[in-house]
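One chain comes next, on its own, written as structure tokens: the form predicted on its own.
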């Protein structure tokens, strides 16, 4: 077997795995503040990509398209929090699970009615011609994916660590009751986490759309893999999702190459099953001690 070809598959798969990591990071953002996640997050990825494509078709400059798409994703995140999560959390119920799924289905139907069922190409000024480094071809488009992922995650982590609002985010994640006694609004902080999650989802859609095209079902497989990454890494480890995304993407690529494309989804499902059975808190997650 050609070693260069195997390395090519590993590198290409690992770069794609960073998209899974970015969506998984969005799961972490909402789980940290509210112990809830948006099960319709794939639809946020898809709707933001369609909205960005619409801006491109209107002739808007690409940098403004990216900004507009990200803001649209943040607004969608706020809508999900208000319509599907807030009341359930106030009632201390698990109703947000079903409500976020319903909102996701509503988003899917909306996309089909507005943009149709056909997949569409996503024009981008970034070249897709490979650049060969040590015999391995890497396209500027693939490089833009990993740069975009690290830029967004680094920006949000910096916000959480070095701003007062970000520290309120961390305080609520650490101890909600203590944060409330310090005057931190849980409702506003959870709103912020869902807005950031929508922002992250939109970035994932903009990054992946030029590679996969844009369609109502574009995120159906992405979201399952992202959830696998989040669970395997742990829902409180940003570093963990990056590593897990790299590994899962590489394994998927190799599995598809050696066993066929029909087995491409198997590694993510197997990792998810193993993580839930052996270490539910994730490989990089922290074990919590509950007092009874």
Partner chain sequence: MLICEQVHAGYGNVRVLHGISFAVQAGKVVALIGANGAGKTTAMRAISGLIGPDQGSIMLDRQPIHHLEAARIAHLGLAHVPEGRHVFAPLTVEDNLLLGAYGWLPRLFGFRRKAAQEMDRVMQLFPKLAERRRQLAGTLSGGEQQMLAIGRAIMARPKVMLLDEPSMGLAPVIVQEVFSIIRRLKDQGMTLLLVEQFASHALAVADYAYVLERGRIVVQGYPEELMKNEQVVTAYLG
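Positions refer to the first chain, counted from 1. Everything numeric here is computed off the predicted structure, so don't read it as measured data.
Keep in mind the form predicted together with the partner chain is missing from the figure; the text below concerns it.
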In this chain shown alone, the residue from 131, 164, 151, 114 with a heavy atom within 4.5 Å of the partner chain in the predicted bound form is 164
Of 136, 171, 143, 88, which residue is found within 4.5 angstroms of the partner chain in the predicted bound form when only non-hydrogen atoms are counted?
171
Candidate stretches 69 to 77, 201 to 209, 183 to 191, 121 to 129 - the one whose heavy atoms come within 4.5 Å of the partner chain in the predicted bound form
183 to 191
Does any heavy atom of residue 195 come within 4.5 Å of a heavy atom of the partner chain in the predicted bound form?
no
Is there a non-hydrogen atom of residue 156 within 4.5 angstroms of a non-hydrogen atom of the partner chain in the predicted bound form?
no
Might residue 218 be said to contact the partner chain in the predicted bound form, defining contact as any heavy atom within 4.5 Å?
no
Does any heavy atom of residue 179 come within 4.5 Å of a heavy atom of the partner chain in the predicted bound form?
yes
